[in-house]
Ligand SMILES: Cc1cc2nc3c(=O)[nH]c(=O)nc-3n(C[C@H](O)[C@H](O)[C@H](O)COP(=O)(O)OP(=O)(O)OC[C@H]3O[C@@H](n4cnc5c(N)ncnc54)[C@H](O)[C@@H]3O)c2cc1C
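A single chain, nothing else alongside it, follows as structure tokens in the form predicted alone.
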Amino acid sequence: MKTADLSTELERIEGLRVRTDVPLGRLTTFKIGGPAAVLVTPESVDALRDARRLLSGAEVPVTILGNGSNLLVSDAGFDGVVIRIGSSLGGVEVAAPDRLRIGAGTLWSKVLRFVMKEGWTGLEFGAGIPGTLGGAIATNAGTRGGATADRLIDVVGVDAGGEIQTLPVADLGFRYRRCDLPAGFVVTGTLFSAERDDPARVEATVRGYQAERRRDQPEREPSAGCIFQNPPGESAGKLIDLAGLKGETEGGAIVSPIHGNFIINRGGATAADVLKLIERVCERVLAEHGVELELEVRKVGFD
């Protein structure tokens, strides 16, 4: 099916916002990337389900977008359909005395505001994670305080064929910055374990993590977060620093002088600039430390 015809069909779905030729750079934390042929934003799970059923019969690539962190989009963009999971599929609610149900479109910052105000402990580690809960599931996002899978009980979502499923954490193969969500599965909701605690104590823990992040990582410049996974027993940032790569530049991209595992868009950086810088960093770290770095950032729109 041609993109124009597909867009027309998608527009018939109630509760589905459809746009074409949408620049993705403005929707990512890196501020890099060309246009998506079609961008759809479901306002309900039903709209997402109907869209998935339609797309299952169309020979067109599909990718999922949340807050756009941990993402490098090609300068050519994405010649397919991007499903953006936003705040319409967000929210935090108490599901049981020791359970919180959180929508996939909820930003971690909103979760933290909730737990600090209401007094829930167990999710403070999310301080500093820039994305949504859906993205955190897909990447098992984490900080020094823990990882998403540590407190996860199950996820609810829509599979590639448009069926709604609930998947327990034990079936998702969580590991460092990875999990085994079924291909094409879109997370819509999550269930986490948490316990009641003094709001002041929860806030103190969150503020402590936030202070560490401000001290150790660049926050104000556009980036995708950590570019590389930490090798077993090593710190990618430290290896990059020891290789003398902090401040290394390519076009508008620079290896952060604050943290070697961040590449910053210092203005006008392209995806090609970032890829060249990634290649240079990998070559230097391999030559000097004998370690092959693996990407943590997800690439979209590349061959």
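Only a predicted model underlies this, so the values are computations on that prediction, with no experimental measurement involved. Residue numbers run from 1 along the displayed sequence.
There is another form of this protein, the form predicted in complex with the named molecule, and it is not shown here; the text below is about that form.
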| item | value |
| --- | --- |
| Partner-proximal stretch of 211 to 219, 94 to 102, 111 to 119, 195 to 203 relative to the named molecule in the predicted bound form, 4.5 angstroms, heavy atom | 211 to 219 |
| The single option of 265, 261, 41, 70 touching the named molecule in the predicted bound form, heavy atom within 4.5 Å | 70 |
| Single option in 123, 81, 152, 138 placed near the named molecule in the predicted bound form, where near means a heavy atom within 4.5 Å | 138 |
| Non-hydrogen atom within 4.5 Å of the named molecule in the predicted bound form for each of 6, 12 and 88 | no |
| Contact test in the predicted bound form: residue 65 vs the named molecule, heavy atoms, 4.5 Å | yes |
| 4.5 angstroms heavy atom contact with the named molecule in the predicted bound form for residue 174 | no |
| Contact flag, residue 270 vs the named molecule in the predicted bound form, heavy atom cut 4.5 Å | no |
| Contact flag, residue 145 vs the named molecule in the predicted bound form, heavy atom cut 4.5 Å | no |
| Stretch 268 to 293 - residues with a heavy atom within 4.5 Å of the named molecule in the predicted bound form | none |
